[in-house]
Each structure stands twice: as structure tokens, then as C-alpha cells.
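Only one chain comes next, encoded as C-alpha cells, the form predicted alone.
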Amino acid sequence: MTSEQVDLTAEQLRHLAEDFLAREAKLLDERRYDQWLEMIDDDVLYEVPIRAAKFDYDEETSAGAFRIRDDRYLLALRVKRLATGQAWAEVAPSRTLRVVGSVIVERGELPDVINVESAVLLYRQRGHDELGDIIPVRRTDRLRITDTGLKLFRRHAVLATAILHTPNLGVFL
């Protein structure tokens, strides 16, 4: 995108962000991880903090306590590992469906940044006989407008539950 496109209206930014989130969900659900990585900025920070039950919402996560805290290298390593068939937590691969909603889009602190909040219900089913589970997540993303489209460069994904009710987090949130 050129610098002219950074001057998009709020409605245009919202459309771009929602389209990005929908495409990302589809790629992840279809396990097209290499294509998903193309949507990830080189400076990405992907965090899933540990959540505790506290009275005040703002105190439920603490700095420095994460289930996942990956940069681009670690995300790419996770993708490579999934392709080997040696990522035991995902053998056989989970079948997933992500529903993204409650999207809030705001201009970021820089002209080429969009701040996006969303809620995700991730349905996950493993094997053939097991019932699926639902992983509810509130995400706070920062998307960067680049010449090749939007790129995710920050994701802070907070699970709705303090206790993990799915076997692992071998799926991307």
C-alpha cells in the first residue's frame, strides 16, 4: 500500500481489518500455515498470557507470565514442526473453526497502524470419537499497513478461562 492508502476512512480501515481477520481464520482453519505466515510481520510479538481469577479485570493477567510468547522465528518454527508430523500435540491435526466477532477498529498511534480488538470462539475437534471443545479468546491486535497488505505485528490473546479446558494450545489463536 502507498502512503495515500494510510489516509483511509474509518469505514475503510474497519473493512480492511475485518477482511484480514476473516482470511486469517480461514487459513488457520484450513491449516494453510505457510500462507498464514505471509500475513505476519517480521517484528511480530504473539502473546497468550496466563490468566488468573481476580476481582479486577485489569489484574487478571500479569506482565511476564505467558502460556505463549513467540516472535516470528518461533511462530515459523511451530509451523515447520507441524509440517513434520512430529508435533505430537497435533497428531492427528485438530479440525478447527474460528468465529471472529465483536470487532473494534481504531487508528493506531502511527499512521500505518490499525488497532483491532476481537472476540474469537475457536471450535476444536481432535481424533474421530472425541467431542470438540471451544476455546473463547479476546484478542487485541495491531495490524501494520504495508505495500503487500496488512500484517499482524502484535497479538495479545487472552483466554476467557483461567484453567485450560483443551488438551493443549497446539493451535494458533
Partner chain sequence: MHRYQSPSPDDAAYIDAVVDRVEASLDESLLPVDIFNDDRIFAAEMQRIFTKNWVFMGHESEIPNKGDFVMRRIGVDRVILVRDSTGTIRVLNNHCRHRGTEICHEDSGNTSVFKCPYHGWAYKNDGDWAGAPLMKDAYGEKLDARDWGLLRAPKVETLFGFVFASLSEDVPPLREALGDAVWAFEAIFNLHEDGVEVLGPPEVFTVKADWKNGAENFAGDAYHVGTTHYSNTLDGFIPGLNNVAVAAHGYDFGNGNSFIGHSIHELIAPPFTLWGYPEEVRSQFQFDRLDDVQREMIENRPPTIGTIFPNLSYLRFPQPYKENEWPIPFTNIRVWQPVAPGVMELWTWEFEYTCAPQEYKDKAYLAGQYGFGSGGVFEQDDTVVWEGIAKAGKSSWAREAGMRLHLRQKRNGPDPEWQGPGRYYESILGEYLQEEFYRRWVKEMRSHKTTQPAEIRAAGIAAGGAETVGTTASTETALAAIAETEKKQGALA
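Between two forms, the rigid core is the largest collection of C-alphas that superpose within 1.5 Å. Residue numbers count along the first chain shown, from 1. Note that this is a predicted model, so its numbers are computed, not measured.
The same protein has a further form, the form predicted in complex with its partner chain, not shown here; the description that follows concerns it.
Asker: So which of 135 to 143, 27 to 35, 56 to 64, 115 to 123 is the stretch with heavy atoms within 4.5 Å of its partner chain in the predicted bound form?
Answerer: So the stretch in question is 56 to 64.
Asker: Please tell me whether any heavy atom belonging to Asp129 falls inside 4.5 Å of a heavy atom of its partner chain, as the geometry stands in the predicted bound form.
Answerer: Flag for Asp129 set to yes.
Asker: Contact between Arg107 and its partner chain in the predicted bound form at 4.5 Å, heavy atoms?
Answerer: No.
Asker: State yes or no: in the predicted bound form, is some non-hydrogen atom of Asp70 no more than 4.5 angstroms from a non-hydrogen atom of its partner chain?
Answerer: Within the cut-off, so yes.
Asker: At the 4.5 Å heavy atom threshold, is Leu97 in contact with its partner chain in the predicted bound form?
Answerer: Output for Leu97 is no: heavy atoms all beyond 4.5 Å of its partner chain.
Asker: Taking its partner chain as it sits in the predicted bound form, which residues of 142 to 173 have a non-hydrogen atom within 4.5 Å of it? Please list them.
Answerer: Heavy-atom contacts to its partner chain in the predicted bound form: Ala162, Ile163, Leu164, His165, Thr166, Pro167, Asn168, Leu169, Gly170.
Asker: Has the Cα of Asp56 moved 2 Å or more between the shown form and the other one, judged after a core fit?
Answerer: Asp56: C-alpha displaced by less than 2 Å between the shown form and the other one.
Asker: Do you see a C-alpha shift of 2 Å or more at Gly127 between the shown form and the other one, with the core held fixed?
Answerer: It does shift by 2 Å or more.
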